[in-house]
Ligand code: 2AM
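For reference, the chain that follows is the form predicted on its own, supplied as C-alpha coordinates.
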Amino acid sequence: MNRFEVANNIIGKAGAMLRESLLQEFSVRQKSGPQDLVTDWDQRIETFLRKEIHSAFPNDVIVGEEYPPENNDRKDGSAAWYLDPIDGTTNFISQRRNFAVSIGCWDGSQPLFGLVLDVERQVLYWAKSGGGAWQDQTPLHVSSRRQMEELLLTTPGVQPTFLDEHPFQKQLLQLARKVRGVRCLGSVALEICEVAAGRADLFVAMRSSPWDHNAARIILEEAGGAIFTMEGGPLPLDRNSTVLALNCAGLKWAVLNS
(Lines give C-alpha, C1' and ligand atoms only; values in the text may rest on other atoms or scores of the structure.)
Protein backbone atom coordinates (compact mmCIF):
# COMPACT_ATOMS: atom_id res chain seq x y z
CA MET A 1 0.00 0.00 0.00
CA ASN A 2 1.09 3.57 -0.62
CA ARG A 3 0.99 6.22 2.10
CA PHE A 4 -2.53 7.41 1.33
CA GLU A 5 -3.88 3.87 1.36
CA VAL A 6 -2.20 3.21 4.70
CA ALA A 7 -3.63 6.43 6.13
CA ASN A 8 -7.13 5.69 4.84
CA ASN A 9 -6.99 2.21 6.34
CA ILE A 10 -5.73 3.17 9.78
CA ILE A 11 -7.93 6.24 10.24
CA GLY A 12 -10.96 4.02 9.76
CA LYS A 13 -9.66 1.55 12.32
CA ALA A 14 -8.88 4.38 14.76
CA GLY A 15 -12.42 5.70 14.38
CA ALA A 16 -13.89 2.28 15.11
CA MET A 17 -11.73 2.00 18.23
CA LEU A 18 -12.92 5.39 19.46
CA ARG A 19 -16.60 4.63 18.85
CA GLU A 20 -16.15 1.47 20.88
CA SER A 21 -14.41 3.47 23.60
CA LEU A 22 -17.53 5.60 24.09
CA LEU A 23 -19.20 2.54 25.60
CA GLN A 24 -16.45 2.20 28.21
CA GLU A 25 -15.06 4.15 31.15
CA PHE A 26 -11.82 6.00 30.49
CA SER A 27 -9.45 8.17 32.51
CA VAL A 28 -9.23 11.94 32.08
CA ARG A 29 -6.49 14.25 33.30
CA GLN A 30 -5.55 17.89 32.87
CA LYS A 31 -2.46 18.94 30.95
CA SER A 32 -2.12 22.70 31.42
CA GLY A 33 -5.55 23.33 32.99
CA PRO A 34 -9.26 22.41 32.99
CA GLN A 35 -9.65 23.44 29.33
CA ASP A 36 -6.66 21.34 28.22
CA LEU A 37 -7.53 17.69 28.76
CA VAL A 38 -6.16 14.33 27.73
CA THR A 39 -7.55 10.82 28.04
CA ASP A 40 -5.91 7.43 27.89
CA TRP A 41 -7.56 7.04 24.48
CA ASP A 42 -5.64 10.00 23.04
CA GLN A 43 -2.47 8.10 23.84
CA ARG A 44 -3.76 4.68 22.74
CA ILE A 45 -4.87 5.97 19.35
CA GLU A 46 -1.66 7.85 18.68
CA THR A 47 0.38 4.79 19.67
CA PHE A 48 -1.68 2.69 17.25
CA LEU A 49 -1.27 5.19 14.40
CA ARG A 50 2.48 5.53 14.97
CA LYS A 51 2.99 1.78 15.02
CA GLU A 52 1.07 1.24 11.79
CA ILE A 53 2.81 4.07 9.94
CA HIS A 54 6.29 3.06 11.02
CA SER A 55 5.58 -0.55 10.17
CA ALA A 56 4.94 0.50 6.55
CA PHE A 57 7.33 3.46 6.32
CA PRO A 58 10.04 3.15 8.99
CA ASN A 59 12.04 6.16 7.78
CA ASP A 60 9.14 8.62 7.91
CA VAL A 61 8.95 11.33 10.57
CA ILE A 62 5.86 11.38 12.81
CA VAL A 63 4.77 14.51 14.67
CA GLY A 64 1.86 13.92 17.04
CA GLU A 65 0.15 15.62 19.94
CA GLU A 66 0.84 13.08 22.67
CA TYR A 67 4.42 11.96 22.05
CA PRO A 68 7.60 13.65 20.81
CA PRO A 69 8.83 12.87 17.29
CA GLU A 70 10.50 9.47 17.13
CA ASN A 71 12.73 10.33 14.17
CA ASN A 72 13.73 13.93 13.48
CA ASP A 73 16.13 13.28 10.57
CA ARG A 74 14.31 12.87 7.28
CA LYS A 75 15.94 10.54 4.80
CA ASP A 76 15.59 10.71 1.03
CA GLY A 77 12.14 9.56 -0.02
CA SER A 78 10.68 9.95 3.46
CA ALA A 79 7.70 12.06 4.47
CA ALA A 80 6.43 13.79 7.61
CA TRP A 81 3.13 12.78 9.19
CA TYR A 82 1.11 15.06 11.50
CA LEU A 83 -1.25 13.16 13.79
CA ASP A 84 -4.00 14.27 16.12
CA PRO A 85 -5.52 11.15 17.67
CA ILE A 86 -8.50 13.04 19.09
CA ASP A 87 -9.00 16.60 17.88
CA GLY A 88 -11.68 17.92 20.23
CA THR A 89 -10.85 15.95 23.36
CA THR A 90 -13.21 18.04 25.49
CA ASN A 91 -16.04 17.16 23.09
CA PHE A 92 -15.02 13.49 23.23
CA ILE A 93 -15.27 13.61 27.03
CA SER A 94 -18.37 15.76 27.47
CA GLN A 95 -20.46 15.43 24.29
CA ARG A 96 -19.34 12.10 22.84
CA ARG A 97 -19.45 13.78 19.41
CA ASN A 98 -17.79 16.61 17.43
CA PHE A 99 -14.29 15.11 17.64
CA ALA A 100 -11.99 13.85 14.91
CA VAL A 101 -8.93 11.83 14.03
CA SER A 102 -6.62 13.89 11.84
CA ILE A 103 -3.77 12.64 9.62
CA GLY A 104 -1.75 14.94 7.37
CA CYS A 105 1.25 13.92 5.29
CA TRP A 106 3.83 16.30 3.80
CA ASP A 107 7.00 16.01 1.72
CA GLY A 108 9.01 18.89 3.14
CA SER A 109 6.87 21.96 2.52
CA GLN A 110 4.77 20.21 -0.13
CA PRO A 111 1.42 18.70 0.94
CA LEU A 112 0.74 15.12 -0.05
CA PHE A 113 -2.66 14.40 1.48
CA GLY A 114 -4.89 15.08 4.46
CA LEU A 115 -7.65 13.06 6.10
CA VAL A 116 -10.01 14.17 8.87
CA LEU A 117 -12.51 11.66 10.22
CA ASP A 118 -15.59 12.93 12.05
CA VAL A 119 -15.66 9.88 14.29
CA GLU A 120 -19.20 9.88 15.68
CA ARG A 121 -20.83 10.78 12.34
CA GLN A 122 -18.49 8.43 10.42
CA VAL A 123 -17.80 11.11 7.82
CA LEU A 124 -14.37 11.28 6.19
CA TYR A 125 -13.00 14.51 4.75
CA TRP A 126 -9.96 13.98 2.55
CA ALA A 127 -7.80 15.47 -0.15
CA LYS A 128 -4.76 14.58 -2.19
CA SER A 129 -2.59 17.41 -3.45
CA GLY A 130 -3.93 18.44 -6.85
CA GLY A 131 -6.88 16.05 -6.62
CA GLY A 132 -9.60 18.20 -5.11
CA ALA A 133 -11.31 17.84 -1.74
CA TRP A 134 -13.93 15.30 -0.76
CA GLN A 135 -16.45 14.40 1.91
CA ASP A 136 -16.58 10.63 1.53
CA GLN A 137 -17.26 10.39 -2.23
CA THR A 138 -18.81 13.86 -2.63
CA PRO A 139 -16.64 16.71 -3.96
CA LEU A 140 -16.23 19.70 -1.67
CA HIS A 141 -16.00 23.37 -2.53
CA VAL A 142 -15.96 26.48 -0.41
CA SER A 143 -18.90 28.88 -0.42
CA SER A 144 -19.21 31.80 -2.83
CA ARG A 145 -20.25 34.23 -0.10
CA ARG A 146 -18.07 37.34 -0.05
CA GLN A 147 -20.02 40.09 1.72
CA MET A 148 -19.23 40.46 5.41
CA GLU A 149 -22.89 40.38 6.45
CA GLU A 150 -23.29 37.01 4.66
CA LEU A 151 -20.40 35.24 6.37
CA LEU A 152 -20.57 32.57 9.06
CA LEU A 153 -17.59 32.63 11.40
CA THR A 154 -16.49 29.56 13.34
CA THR A 155 -13.93 29.26 16.12
CA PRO A 156 -12.88 26.35 18.35
CA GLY A 157 -13.11 28.30 21.60
CA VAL A 158 -15.19 31.28 22.74
CA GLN A 159 -12.94 32.04 25.71
CA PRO A 160 -9.56 32.28 23.93
CA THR A 161 -11.03 33.99 20.86
CA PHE A 162 -13.30 36.62 22.39
CA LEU A 163 -12.90 36.74 26.18
CA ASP A 164 -9.17 36.38 26.84
CA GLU A 165 -6.95 39.38 26.24
CA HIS A 166 -4.74 39.09 23.15
CA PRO A 167 -3.56 41.40 20.35
CA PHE A 168 -6.53 40.56 18.11
CA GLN A 169 -9.32 40.69 20.71
CA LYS A 170 -10.78 44.08 19.72
CA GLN A 171 -10.55 43.22 16.03
CA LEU A 172 -12.33 39.90 16.48
CA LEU A 173 -15.09 41.40 18.59
CA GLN A 174 -15.71 43.91 15.81
CA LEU A 175 -15.65 41.12 13.24
CA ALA A 176 -18.18 39.10 15.26
CA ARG A 177 -20.58 42.05 15.17
CA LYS A 178 -20.31 42.38 11.38
CA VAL A 179 -20.77 38.78 10.25
CA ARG A 180 -24.03 36.87 9.93
CA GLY A 181 -23.27 34.60 12.87
CA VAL A 182 -20.63 32.97 15.04
CA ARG A 183 -20.43 29.25 15.78
CA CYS A 184 -18.14 27.23 18.04
CA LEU A 185 -17.68 23.53 17.37
CA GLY A 186 -14.58 22.85 19.48
CA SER A 187 -12.43 21.03 16.91
CA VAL A 188 -9.90 22.87 14.74
CA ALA A 189 -9.80 20.15 12.09
CA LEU A 190 -13.57 19.78 11.78
CA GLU A 191 -14.14 23.53 11.69
CA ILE A 192 -11.61 24.05 8.90
CA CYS A 193 -13.42 21.26 7.05
CA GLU A 194 -16.69 23.15 7.59
CA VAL A 195 -15.17 26.05 5.66
CA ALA A 196 -13.96 23.62 2.97
CA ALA A 197 -17.50 22.22 2.69
CA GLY A 198 -19.10 25.67 2.36
CA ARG A 199 -21.01 25.35 5.63
CA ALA A 200 -18.93 28.13 7.19
CA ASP A 201 -17.01 30.95 5.53
CA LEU A 202 -14.17 31.81 7.88
CA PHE A 203 -12.42 30.29 10.86
CA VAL A 204 -10.17 31.83 13.50
CA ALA A 205 -8.08 30.24 16.24
CA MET A 206 -5.78 32.03 18.64
CA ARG A 207 -3.63 28.98 19.13
CA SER A 208 -3.35 25.90 16.98
CA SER A 209 -0.67 23.22 16.72
CA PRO A 210 0.64 21.58 13.54
CA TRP A 211 -1.23 18.33 14.27
CA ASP A 212 -4.46 20.31 14.68
CA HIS A 213 -4.46 21.90 11.24
CA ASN A 214 -1.89 20.31 8.90
CA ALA A 215 -4.37 17.77 7.50
CA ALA A 216 -7.41 20.05 7.30
CA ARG A 217 -5.46 22.87 5.63
CA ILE A 218 -4.79 20.57 2.66
CA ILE A 219 -8.51 19.80 2.40
CA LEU A 220 -9.40 23.50 2.61
CA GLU A 221 -6.95 24.60 -0.07
CA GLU A 222 -8.00 21.78 -2.39
CA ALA A 223 -11.61 22.96 -1.91
CA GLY A 224 -10.66 26.45 -3.08
CA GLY A 225 -10.04 28.14 0.27
CA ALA A 226 -7.02 29.85 1.77
CA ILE A 227 -5.30 29.78 5.13
CA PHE A 228 -3.01 32.23 6.94
CA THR A 229 -1.92 33.39 10.36
CA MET A 230 -3.91 36.16 12.02
CA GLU A 231 -1.12 38.52 10.98
CA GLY A 232 -1.89 37.65 7.36
CA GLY A 233 1.30 35.70 6.72
CA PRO A 234 1.83 32.10 5.61
CA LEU A 235 0.72 29.47 8.13
CA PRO A 236 3.84 27.70 9.44
CA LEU A 237 4.06 23.96 9.03
CA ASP A 238 6.04 23.03 12.12
CA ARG A 239 5.09 25.28 15.03
CA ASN A 240 2.10 26.59 16.97
CA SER A 241 0.35 29.55 15.43
CA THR A 242 -2.79 31.60 15.16
CA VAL A 243 -4.97 30.52 12.24
CA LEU A 244 -7.21 32.40 9.83
CA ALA A 245 -8.99 30.15 7.31
CA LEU A 246 -11.15 31.69 4.58
CA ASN A 247 -13.35 30.68 1.68
CA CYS A 248 -11.11 32.78 -0.58
CA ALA A 249 -7.81 34.60 -0.26
CA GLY A 250 -9.47 37.85 -1.32
CA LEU A 251 -11.30 38.10 2.00
CA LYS A 252 -8.09 38.25 4.00
CA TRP A 253 -7.63 42.01 4.20
CA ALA A 254 -11.33 42.71 4.69
CA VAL A 255 -11.24 40.40 7.73
CA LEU A 256 -7.90 41.64 9.07
CA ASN A 257 -9.02 45.28 8.76
CA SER A 258 -12.53 44.76 10.12
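Bear in mind that the values here come from a model prediction, so they are computed numbers and not experimental data. When you see a residue number, it is the position in the sequence shown, counting from 1.
Only in words, not in the display: the form predicted in complex with this ligand, which the text now covers.
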Sort through 146 to 154, 127 to 135, 162 to 170, 181 to 189 and report the only stretch with a non-hydrogen atom within 4.5 Å of this ligand in the predicted complex. 181 to 189
Between the options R44, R50, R207, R199, which residue brings a heavy atom to within 4.5 Å of this ligand in the predicted complex? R207
Contact of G88 with this ligand in the predicted complex (heavy atom, 4.5 Å): yes
Using a 4.5 Å heavy atom cut-off, state whether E194 contacts this ligand in the predicted complex. no
Residue-level question: is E65 within 4.5 Å of this ligand in the predicted complex, judged on heavy atoms? yes
Across 2 to 34, which residues bring a heavy atom to within 4.5 Å of this ligand in the predicted complex? none
